[in-house]
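Before any questions on binding or motion, here is one chain by itself as structure tokens, the form predicted on its own.
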């Protein structure tokens, strides 16, 4: 998958010119007096308010309400509101979660001017424009993506005698042992490598998938137009075994320890894998933190987020105008610099990346670096949630680490549940 367009400035001028024509074509949708943006990322609220503020000159009568709440709650409200036609006018949704709403006809097709903008290769790589297209029709405007890299505390690395980031999964474990800080009893007080071991929802499965990708595996494999669970194998065993050994053998992390970005910013963990938004979060919450980023050993997940609308008429026209305004180069530059999410549109962000080197790992990766994304199928949210629930149970079972056979049996049962969901939906490959 080629997403190197972020680094490329080729065609940017042409894209800007095309975009100007599109914006002109959408200059009339000011009939709607009020529209609402629903976001699943609270840190995006100032961005959307900035976009709305920038639209006032062209749409002085348009009022834009922004409602940004945590992702799990956002997903729940969409599941309830979309079927009852009571959702916001602009919905920020990952493709995988949007699929079931597309199949149900609850998200609307983009007008011709927006479709031309999305399909223009000067604006988006084919990967993104294809993701915004359902059954041959553009149904969304791509906005940003989640892409993982390693964040590591350079002061802790120096204190542990480590001169650079780990480059293999074996090194991740070895480095974690050197980086873990313990009290007099030997209990870990600062984790060497913060793993996603607890918390809600499918994020646990997504993080497991990122680690498994480094071992050459994936949660699901596509065969023809169907899918099959593919984690009950050597890659799945190596991945789960690394988690369990970190918890029960090396004791470099526990489910009870502080985790994720908050722990990293508070110096409660030495390294963790996360998306680029953490760069912006650190700048706000821990500006004095000494850290660096690095590409993962083999590659990363790419989770794309697009803007969709379930609305019709004047509200739909205003919603598409808002989605287009969000993609104006000056707004995307502000998004990366102030929020930290990677824009999907091809715009020149080199000055920001130069000023904030931590973004480098997300755009300057090895030539052979791989990317994967989660399947855009209706039951993907249910599948990830079920896998996550089983993984949390597994992380709490010290018996699993004692036997590869037990790990294999655990993964086989989880895979059977996944295949059962795919079978129920008519999506299981034979």
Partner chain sequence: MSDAATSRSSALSPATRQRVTDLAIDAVLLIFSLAMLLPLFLLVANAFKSPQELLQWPPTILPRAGTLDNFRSVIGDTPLLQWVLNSFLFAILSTIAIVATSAISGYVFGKFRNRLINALFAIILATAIVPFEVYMIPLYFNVQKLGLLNSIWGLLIGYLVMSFGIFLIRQYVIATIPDELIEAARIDGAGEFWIFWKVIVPLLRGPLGALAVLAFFQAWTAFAWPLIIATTKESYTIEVGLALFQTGFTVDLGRLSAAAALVLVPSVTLFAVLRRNFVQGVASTGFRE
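If you superpose the two forms and keep the largest set of C-alpha atoms that fall within 1.5 Å, you have the rigid core. If you're wondering where the values come from, they're calculated on a predicted model, not measured in any experiment. Numbering follows the first chain given and starts at 1.
Heads up, the form predicted in complex with its partner chain isn't pictured, but that's what we're talking about next.
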Q: Could you tell me which stretch in 34 to 42, 396 to 404, 53 to 61, 368 to 376 has residues with non-hydrogen atoms within 4.5 Å of its partner chain in the predicted bound form?
A: 34 to 42
Q) Here the chain is shown alone; which of 337, 250, 262, 328 has a heavy atom within 4.5 Å of its partner chain in the predicted bound form? A) 262
Q. Here the chain is shown alone; which of 290, 76, 354, 223 has a heavy atom within 4.5 Å of its partner chain in the predicted bound form?
A. 76
Q.
Quick one: 67, 86 and 275 and its partner chain in the predicted bound form, is every residue within 4.5 Å by at least one heavy atom?
A. yes
(Q) When the contact criterion is heavy atoms within 4.5 Å, does residue 109 count as touching its partner chain in the predicted bound form? (A) no
**Q.** Interface membership of residue 284, its partner chain in the predicted bound form, 4.5 Å heavy atom rule
**A.** yes
Q: Flag residue 358 as yes or no: does it have a non-hydrogen atom within 4.5 angstroms of any non-hydrogen atom of its partner chain in the predicted bound form?
A: no
Q. Should residue 188 be counted as a contact of its partner chain in the predicted bound form, where contact means heavy atoms within 4.5 Å?
A. no
(Q) With the partner left out here, which residues of 337 to 352 have a non-hydrogen atom within 4.5 Å of its partner chain in the predicted bound form? (A) 341
Q | Residue shift check between this form and the one not shown, rigid core fit, residue 394 Cα at least 2 Å | A | no
Q.
Does residue 70 shift between this form and the one not shown by 2 angstroms or more at the C-alpha, the core having been superposed?
A. yes
